[in-house]
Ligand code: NAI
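Taking the form predicted alone, here's one chain by itself in structure tokens.
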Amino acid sequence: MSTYAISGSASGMGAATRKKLENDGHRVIGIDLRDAEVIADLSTTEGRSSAVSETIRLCGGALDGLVTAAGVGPPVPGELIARVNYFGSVALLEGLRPALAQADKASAVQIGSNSSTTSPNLPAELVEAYLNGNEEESVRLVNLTPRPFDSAIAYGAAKLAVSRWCRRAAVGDAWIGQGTTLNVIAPGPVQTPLLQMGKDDDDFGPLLEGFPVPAGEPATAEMLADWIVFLLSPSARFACGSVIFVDGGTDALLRADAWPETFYMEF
């Protein structure tokens, strides 16, 4: 039996992943605002610190895997999205990394999004503010965008920044150097309460309904949970710093030639 921590474990992809892991006989430490072993608000520094310390206490200092699935999205105000989706995720990844290093060949999976590549005109300065760890500057930049579009900007930029953070960190001594893999899964629309909230919104509902998904209907949370469980498994050990799009083809439709991109170097 392995021990896993999942943020956002009370609903959506986090809950579906929890169910699959527990059905396989593993122990799961859930982190959420409700219905979890660790009750914590990841929008605050105090909540993040509490989430890390309580998770470490419950796992005895060693984790076999971590899934950072907690997140909010449009139409939630952009400031909250910035604080939870980027800074909350990174705080858990950094804070729980030592516990992952204590296990034998641990794995971590960050939930990204295809909004990181399909949202137009994401401000580069906001992405850099995220990556520089400047929370208040990030919030200030988000708040420069009028409501309700601040939430879309904050969401896409946060998912882009956290994906870049993971790719940079994954190949370093603190992660793969300690035997821990770190990868990102980037879904498109997934039928979760978060997506439904966006669909029900007067501003974002029409945009979501018109979003092109070549494969058709949104994925279910259980479909994505299968991918997450695979990335946590020994079969995925050679995946390191990967961003895997499971989005029904939207990224390929909108950016067919943007990736793979040729790597050039001077000789």
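The numbering used is simple: start at 1 and walk along the sequence shown. All values reported here derive from a predicted model rather than from experimental measurement.
The form predicted together with the named molecule exists for this protein as well; it is not shown, and the discussion that follows is about that form.
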Every residue in Met13, Gly71 and Val190 with a non-hydrogen atom within 4.5 Å of the named molecule in the predicted complex?
yes
If you check Ala152, Ala108, Leu126, Ile111 against the named molecule in the predicted complex, which one has a heavy atom within 4.5 Å?
Ile111
Do Asp200 and the named molecule share at least one heavy atom pair within 4.5 Å in the predicted complex?
no
Decide whether Val84 counts as a contact residue for the named molecule in the predicted complex under a heavy atom distance cut-off of 4.5 Å.
yes
Taking heavy atoms and a 4.5 Å cut-off, does Leu42 contact the named molecule in the predicted complex?
yes
Verify the contact flag for Leu122: yes if a non-hydrogen atom of it lies within 4.5 Å of a non-hydrogen atom of the named molecule in the predicted complex, no if not.
no
Within 4.5 angstroms, counting heavy atoms, which one of the listed stretches 126-134, 112-120, 140-148, 168-176 is next to the named molecule in the predicted complex?
112-120
